[in-house]
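For reference, the chain that follows is the form predicted on its own, supplied as C-alpha cells.
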Amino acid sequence: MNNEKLQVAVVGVGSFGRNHARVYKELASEGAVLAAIVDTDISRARAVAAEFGGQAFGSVSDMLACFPAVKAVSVAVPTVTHLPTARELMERGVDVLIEKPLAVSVAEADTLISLARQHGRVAQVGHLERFNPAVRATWALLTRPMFFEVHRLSVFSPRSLDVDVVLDLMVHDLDIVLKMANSPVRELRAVGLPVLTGKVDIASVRVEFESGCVANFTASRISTERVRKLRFFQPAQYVSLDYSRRDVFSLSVRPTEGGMPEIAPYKPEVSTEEPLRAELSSFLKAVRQRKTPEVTLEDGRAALALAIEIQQQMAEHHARARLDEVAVAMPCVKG
C-alpha cells in the first residue's frame, strides 16, 4: 500500500518548500509523484519544477484545475497565508502538511483544526525535529523528566524575518519539550530583545509545568555559532541530545551490591535517515492509510499557544524595562 502512486505538490518554494520538492522527488520509490510546484513567483516555481519535476503554477486554483488528482500537498508559504492556502486545499479534498509555525494566532490554528475535521482531511504540522533521528531515539529513554536545558543558536540569516526568534527557532524545542514533559504549563517567564531586526532576535524563557518539571530555553539568531542541543535530567539519569550531530548520550546511576552506585554511560543506536524524508514519508503514509499523522494540528496549536504566551511575556518585560527609551538608534532589517 505504501508504494501506491500518489500525486503530490508543494505550495511555496522558498528555502523550505524547495527542500520538500527535492524529497518528494526522492520518494518516487515509495510511490510519490511530484505533479506540481506552486508559487506566486512563477519564475521561481518554474526553476524548482525544472530541477525536481512537476508542472509550475502561480496559484493553487490553477494547479487543481489542471491536476485534480493531487491529493497531498506541502504548504510552505509564509505563515500569514497558511490559513487561506490550507483552507482552499482542504475544501477541495486535499490533505496537507503545513510548515511550522502552524498559524499566526491560536484562533487561526483552531480554524485549521475545524476545517480538517469538517472535510475529513489528514493534516499534519511540519515540526521537523520530531523526525530527527536523535529525538526518535530518545523517546525510549523517557521516564519522568524534571529539568530541561535547551539551546538553539543560529548565525544571522535574512531568512524567516516575517516572524521573531520564538516562532522561527524556539518553537521547535517548545514542541519537543511539551511532548516530553507531557504536563500542562503552570508558569512561565520570558525576556527577549530585537538586535538586528525589528523583531525579537534573542530570547530566554523559563517554563514550569504542573508536574514540577522546569525547562529553560535559549534561542538566538544572531549567534557566532550554530548550536542545537537539548539536555534533561530525570530520576537516576541524565540525557544529552544534539540535534545537529543527531547524537544521544545518557548517564544512568545503577545500584551495586557493594553499596557504591555505578555510573553507566549509554549511547542508543540512531538512524541516519534525513528528518525531512522521514517527515514526508510519515505524512504520505498517514494520507494513504487515512490515519492520524504523527504530529497533529493540535500539537502545532499547543506549541503556537505557548510561543504566543512567551511573546506576550517578552512584550511586558520590554515595557517594564523601558527598552524603547534606551534603544540605540541604528538601522535594522525589518521583518
Ligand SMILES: NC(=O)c1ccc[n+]([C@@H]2O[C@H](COP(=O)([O-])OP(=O)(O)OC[C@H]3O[C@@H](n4cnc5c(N)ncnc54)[C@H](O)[C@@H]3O)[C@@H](O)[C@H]2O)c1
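Just so we're clear, the structure is a prediction, and the values are computed from it rather than from any experiment. All residue numbers are counted from 1 along the displayed sequence.
There is another form of the same protein, the form predicted in complex with the ligand; it is not shown, and what comes next is about it.
Undergrad: At 4.5 Å between heavy atoms, is Glu294 in contact with the ligand in the predicted complex?
TA: Looking in the predicted complex, residue contacts with the ligand do not include Glu294, since no heavy atom lies within 4.5 Å.
Undergrad: When the contact criterion is heavy atoms within 4.5 Å, does Asn216 count as touching the ligand in the predicted complex?
TA: The answer is no: Asn216 has no heavy atom within 4.5 Å of the ligand.
Undergrad: How about Pro101 - does it come within 4.5 Å of the ligand in the predicted complex, if we only consider non-hydrogen atoms?
TA: Contact check for Pro101: yes, within 4.5 Å of the ligand in the predicted complex.
Undergrad: Under a 4.5 Å heavy atom criterion, is Pro78 part of the interface with the ligand in the predicted complex?
TA: Contact with the ligand, yes.
Undergrad: Pick the stretch from 217-225, 136-144, 79-87, 183-191 whose residues have a heavy atom within 4.5 Å of the ligand in the predicted complex.
TA: Going by heavy atoms within 4.5 Å, the stretch is 79-87.
Undergrad: Are all three of Val13, Val38 and Gly126 close to the ligand in the predicted complex, meaning a heavy atom of each within 4.5 Å?
TA: The answer is yes; Val13, Val38 and Gly126 each reach the ligand.
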